[in-house]
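Just the one chain here, laid out as structure tokens, in the form predicted alone.
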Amino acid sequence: MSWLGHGNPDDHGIALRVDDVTKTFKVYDERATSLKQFIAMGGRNKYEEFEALRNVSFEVPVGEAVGIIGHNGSGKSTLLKCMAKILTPNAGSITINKRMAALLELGAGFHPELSGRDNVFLNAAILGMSRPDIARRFDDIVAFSELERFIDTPVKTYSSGMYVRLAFAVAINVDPDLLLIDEILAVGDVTFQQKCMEKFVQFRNEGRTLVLVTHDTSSVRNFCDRAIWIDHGEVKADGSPADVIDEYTETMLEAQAAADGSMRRGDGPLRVTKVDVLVSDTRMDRVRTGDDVTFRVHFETPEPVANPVFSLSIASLTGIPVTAPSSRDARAVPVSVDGKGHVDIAVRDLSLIPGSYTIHTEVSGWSRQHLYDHLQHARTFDVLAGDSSEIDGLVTLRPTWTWSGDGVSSEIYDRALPPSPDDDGIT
């Protein structure tokens, strides 16, 4: 069995191929801690085989950014370690056709007694750089880490943030064609995170290949060309980030609801049965910024309920609330409801910017002291780019930009892409 290969002529255009990979671990029920105990146990330790990966296969074309998602224990980190040659699969093969660097455990090769300077040379050598290459890139590495004042100080005196910055600066300057990344987009402070993201964007623009393992689905949605969902060691879904993340999120929410029942509370009898997102009376999973959208909340009750108050809240998938309209605040409470029905909450010119959102619903009595039904994560939906040019935040205020001043040209630079390296903006 060949588990790692390089330069297969048949793999033209493929940076990474994972072919039918299986990885198992021994999980010991009871392990002897002495020779006497080992003999008493019949000369063997009792264990079970745990299959972390099972027949995993996929290809990553050159220049593609792929996000691998999954719950804790799903096998995604094991897969990344197999691709990074840290673990050896029990079956199957992994073929690497490009120069690879893995950003896994940052600073794993650092020696605490050595200075930052010495550790740069040591760690870069571990990552495959020659000493002349390290010397040539040394100033860039230190500048990226922003640790010029401390580079000759032993790293045991560094704070955790300084340690991570230097380790990342070394790893990112190995200059790989294929970069494997494990949950490192959240390292350091906000400024350093932005610098890391800019570096990844630069890599993408240069046509390099990236594989990102993360719990942060928003990073995968916004940064990756493709998503792969690993579930209990198998590929559950492989496709566009929006489709795969939606399926993953809905499955996780359903599993949570089934496990602890915390997704719904209230003593009835009025209950919300489902929520639809409508554009021009058509049910949609994806809408656009600027659309006229109707949120239709379906309900049912076996007996009349007087003066029910309906509330609907919209939040980002990370839990940040955006808005929470209430029928009582809007003076739109019916005298009573009975049987099945629905209420429409119409929103003109939707101001949400592109992203994924979740809807929570609540029905209570007029005083809001009696909770009939609270349904957490009633549904999720995506917002795609529409009439807004903003990409950060949650909502658009639709600002207008007006320039003035003696030195301001009357023409507006209207390129869709940033200026080329030769276009420095100097006139």
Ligand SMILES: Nc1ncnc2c1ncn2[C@@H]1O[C@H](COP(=O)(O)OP(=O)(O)O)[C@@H](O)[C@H]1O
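Note that the coordinates shown come from a computational prediction; the quantities given were computed from them, not determined experimentally. One rule holds for the numbers: they count along the sequence shown, beginning at 1.
There is also a form predicted together with this ligand; it is not shown, and the following applies to it.
This ligand is not drawn, but in the model of the complex it has no heavy atom within 4.5 Å of Ser93.
At a distance threshold of 4.5 angstroms between non-hydrogen atoms, Pro269 is out of contact with this ligand in the model of the complex. Taking the partner from the other structure, this ligand in the model of the complex has no heavy atom within 4.5 Å of any heavy atom of Arg264. At a distance threshold of 4.5 angstroms between non-hydrogen atoms, Thr282 is out of contact with this ligand in the model of the complex.
Within 4.5 Å of this ligand in the model of the complex, a heavy atom is found for not a single one of Val142, Arg165 and Phe192. Judged by heavy atoms within 4.5 Å of this ligand in the model of the complex, the contact stretch among the candidates 234-242, 216-224, 73-81, 203-211 is 73-81. This chain appears without its partner; in the model of the complex, the one residue of Val56, Ala52, Val383, Leu375 with a heavy atom within 4.5 Å of this ligand is Ala52.
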